[in-house]
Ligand code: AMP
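There is one chain below, alone, in structure tokens, taken in the form predicted alone.
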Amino acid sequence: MTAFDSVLFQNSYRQLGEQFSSEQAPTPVSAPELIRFNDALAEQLNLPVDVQSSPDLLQVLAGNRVPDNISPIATVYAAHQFGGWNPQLGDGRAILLGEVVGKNNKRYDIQLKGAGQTPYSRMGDGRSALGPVLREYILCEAMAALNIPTTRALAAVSTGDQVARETMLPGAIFTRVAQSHIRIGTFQFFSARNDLASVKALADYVIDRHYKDAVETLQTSSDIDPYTALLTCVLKAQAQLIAKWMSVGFIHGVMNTDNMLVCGETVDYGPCAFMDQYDPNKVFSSIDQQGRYAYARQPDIGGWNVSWLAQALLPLMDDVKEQALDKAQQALGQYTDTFDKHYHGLMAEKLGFAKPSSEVNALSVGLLDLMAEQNSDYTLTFRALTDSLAPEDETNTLGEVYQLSNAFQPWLKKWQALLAQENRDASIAYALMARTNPAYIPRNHWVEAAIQQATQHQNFSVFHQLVDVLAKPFEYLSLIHI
């Protein structure tokens, strides 16, 4: 018996009907070993677990044992992938154990990724290699520390088995936590089959699970139907999420509709990265030859993705097609304004201003243009600006590691003049910037170093060190040299 046996697991998603998922137990592995367990997250989820003293719990995280209180499933969905339509996808290597209610009274999915084949594996082995598991653990926990909505890492477990890719690689299983794994593509799957009953059931479920209060408020204040209100809630969540990505220089890389969760959390950390040198056209996917998911295109792609959710919800909005279209268009019209509001607000804070204005926005644009021209490091440029306002006795700064070139001097004078014009005290601006501009991000070479050490030498010290440093991204630490 494990600590999971005493947890009140639920699977409300499974109760929607058999068309939404398939029963699927994990496939056992030969020799599981714990790599890392997220004790703090477990506590937030009301999971009274201690992996170190509970070998049976390790067997659950490895997929070798399914407690009696768990009914695992694999879910189905469709997607537009790089703009092309794929009518059926699904959890090809992920198995949803169930749901728990956290200390904040919100419901969370617990999913094993890399736990074996499912009906949706499409000839794949259903397994994960060690490298992608470590990458996802690092990236999603770094995003959480940066206060960006994201799926979370509960555990990483090596399997003792090899997986076949271009070469044989060590295997691993990632335990992922999300407010839910329902995607825009989930709605598309049923909409494409003209299964309106399932679309409605799914929409009602999402409203109840994620947006109940917000939908009720919109219905009262705006006199709209619940499904138009749901669309409004999801598009706002997507716009705010992407604004946060943009503010830290994050490029998702695969913004397919199956990788966009309707709860507004970041999911799928495959070909993603934080930019080093600022380049608005930067792409982090070898598949993306046309630059569809380049950094600067992410806001527009987010709006395009949400438009497909709108199409799925149209029949629920109004019996008269023209009126439904009008409602959808009015809702979608809020996307750009919502993104702009949040993005400009975040960029203003990165420059020490309490709120955006036309002058602050122009200053931000000018800085980004200059950074692109100078091939400046995105994160370190904003941190150098932060440090320039640090108190004289503050020695914990970038110092000689990174300095702005003389080309920034004219812009710096404009920035300092606008701070003075808006009566922004240097200490107040510094405090705001210091908690907005990270000193550390999961840089590619750090992540690759951690993966290489683990896969080639079974050494996880760099991985653990990196996760620990990125848990406090706004503090200068001596553990990692920039």
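Because the structure is predicted, anything quoted here is derived from the model rather than measured. Residue numbers run from 1 along the displayed sequence.
Just so it is clear, the following notes concern the form predicted in complex with the named molecule, a form of the same protein that is not shown.
In the predicted bound form, every residue of the candidate spot (Gln81, Arg93 and Ser121) has a heavy atom lying within 4.5 Å of the named molecule. In the predicted bound form, the named molecule lies farther than 4.5 Å from every heavy atom of Lys200. Interface residue remark: Glu265 is not counted as part of the site for the named molecule in the predicted bound form, having no heavy atom within 4.5 Å. Residue contact check for Tyr335: none of its heavy atoms lie within 4.5 Å of the named molecule in the predicted bound form. The closest non-hydrogen atom of Arg165 lies within 4.5 Å of the named molecule in the predicted bound form. Only one segment in the set 84-92, 340-348, 185-193, 301-309 has residues whose heavy atoms sit within 4.5 Å of the named molecule in the predicted bound form; it is 84-92. Of the listed positions (Ser158, Thr386, Asn259, Ser376), a single one reaches within 4.5 angstroms of the named molecule by any non-hydrogen atom in the predicted bound form, namely Asn259. Asp125 is the sole member of Asp125, Asp276, Asp288, Asp225 with a non-hydrogen atom lying within 4.5 angstroms of the named molecule in the predicted bound form.
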